[in-house]
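A lone chain, given as structure tokens: the form predicted alone.
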Amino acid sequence: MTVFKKIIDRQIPADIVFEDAECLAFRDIQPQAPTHLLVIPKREIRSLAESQPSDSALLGHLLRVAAELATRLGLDNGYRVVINTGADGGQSVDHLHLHLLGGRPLRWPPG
């Protein structure tokens, strides 16, 4: 069981800022920007690479939630949504998740 599944099941605490039937969003415990949220599906999908065509609506929903949270949090100057996939992509938890980063200028290319 991943740490994200434990958060979904309320076995460990998190600073949850949004939840609906399909996903939840919470503050990252090691923020890389003034605003750093993780948006995760409640359904366990290991990574973007392992998502299926049947997950398309859920994937779109996760992006819409990230955009709505960015608006709600006043990230009017811009923000970044990142999905790390696999070890070389920097994925550290085997549960699909979106990083919503903002509140400062974000450089390119990233690390």
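Each residue number is its position in the shown sequence, starting from 1. These numbers come from a predicted model, not from an experiment.
One more form of this protein exists, namely the form predicted together with ligand 5GP; it is left out here, but the text below deals with it.
- Although the partner is absent here, I12 lies within 4.5 Å of ligand 5GP in the predicted complex, judged by heavy atoms.
- Although the partner is absent here, G103 lies well away from ligand 5GP in the predicted complex, with no heavy atom inside 4.5 Å.
- Contact check for H36: a heavy atom falls within 4.5 Å of ligand 5GP in the predicted complex.
- Interface membership of Q30, defined by any non-hydrogen atom within 4.5 Å of ligand 5GP in the predicted complex, is confirmed.
- Of the stretches 60 to 68, 73 to 81, 47 to 55, 22 to 30, only 22 to 30 has residues with a heavy atom within 4.5 Å of ligand 5GP in the predicted complex.
- Along 69 to 105, residues N84, G90, Q91, S92, V93, H97, H99 each place a heavy atom within 4.5 Å of ligand 5GP in the predicted complex.
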